[in-house]
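Below, in structure tokens: the form predicted on its own, a single chain.
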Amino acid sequence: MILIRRTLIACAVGASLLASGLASAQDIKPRLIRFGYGLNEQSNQGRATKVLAAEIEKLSGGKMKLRAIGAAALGSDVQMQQALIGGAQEMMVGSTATLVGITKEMALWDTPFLINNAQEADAILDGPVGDRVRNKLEEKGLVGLVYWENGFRNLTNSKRAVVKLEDMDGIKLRVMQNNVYLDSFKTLGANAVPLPFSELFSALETKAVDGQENPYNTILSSKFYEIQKYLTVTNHVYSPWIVLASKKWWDGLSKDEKAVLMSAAKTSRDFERKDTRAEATKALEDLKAKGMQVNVLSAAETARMRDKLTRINAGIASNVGMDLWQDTQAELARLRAKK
């Protein structure tokens, strides 16, 4: 009788431990990562975010899961950056231009007519210069993982075709919340108005501003063609996006988790750049088909704009540091000499 009782007790304890173990296994949830971005799910930003999410889940064996939240639902780039710094949000992708107030070296990417083509952009951003700028973010509570491509920026407006420098005069132009953009377009004669991207469509629709500047992909995915008639191909700035993590959150990750995120980020970068470049070519044709009047700024007018912005470039060089500026120029010269 005693033996039977002991056996029953042992079985009961074993069943209890098994149930507890199963419950514990079920209670283990993947590490959830809130990832914010500004454009819609159908955009190049949205597509690359899906690649990033799939890669993180695959590499982590389901132990990490990205929750993508687009269309600026978590706020503007500036608001999300602050949320990351405070530890209230884990990750995001956004413009480097809105980081200038946090890390002055980011202003390097706002230099008008700095980069001539995509090959130069990749070499600079993924090389020592890009790493040097990206690593500066850690001092401010952010971790930069990789650069994505936004693309070469071009001008749209609802007032008139811009084919020469003087056509910029008086156009109310939305620019990012960034002093380099403000000063550059004021120097070119526009009435530059800083606005977060999340407010841009409404501002264009209500004529609070006349125009804006963005890559073809963003102009198309944001449907600016519905309220903007004129597009001028200026290619005035090569504009990167950057994938960011909260340093407070990042520092709490294991070495393996950090490796997963870095690897997934690089895979998403390679996909995003290829996707963005293919889409840009098609986007320009689509914008023409949707009725936008497209003008290409001539080489002579481009040179006039570049000359007009000499003071701006000198200011950027001083602001980011002459060592960084000179290293960038030397690297660009080296890349161009290879051709």
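Please read these numbers as outputs of a predicted model, since none were measured by experiment. Numbers for residues come from their place in the sequence shown, where the first is 1.
Form predicted in complex with D-xylonic acid (TK8): not shown, discussed below.
Interface residue remark: K172 is not counted as part of the site for D-xylonic acid (TK8) in the model of the complex, having no heavy atom within 4.5 Å. At the 4.5 Å threshold, heavy atoms of D110 stay clear of D-xylonic acid (TK8) in the model of the complex, well away from it. Contact between R269 and D-xylonic acid (TK8) in the model of the complex is not found at the 4.5 Å heavy atom cutoff. Among heavy atoms of S95, some come within 4.5 Å of D-xylonic acid (TK8) in the model of the complex. Partner contacts here mean any heavy atom within 4.5 Å of D-xylonic acid (TK8) in the model of the complex, and among 131-139, 114-122, 184-192, 87-95 they occur only in 87-95.
If you check D-xylonic acid (TK8) in the model of the complex, you find a heavy atom from every one of M176, F197 and N214 within 4.5 Å. Think of it this way: in the model of the complex, D-xylonic acid (TK8) has a heavy atom of just one of A280, L39, I312, M292 within 4.5 Å, and the residue is L39.
Contacts with D-xylonic acid (TK8) in the model of the complex, taken as any heavy atom within 4.5 Å, map within 149-170 to N150, R153.
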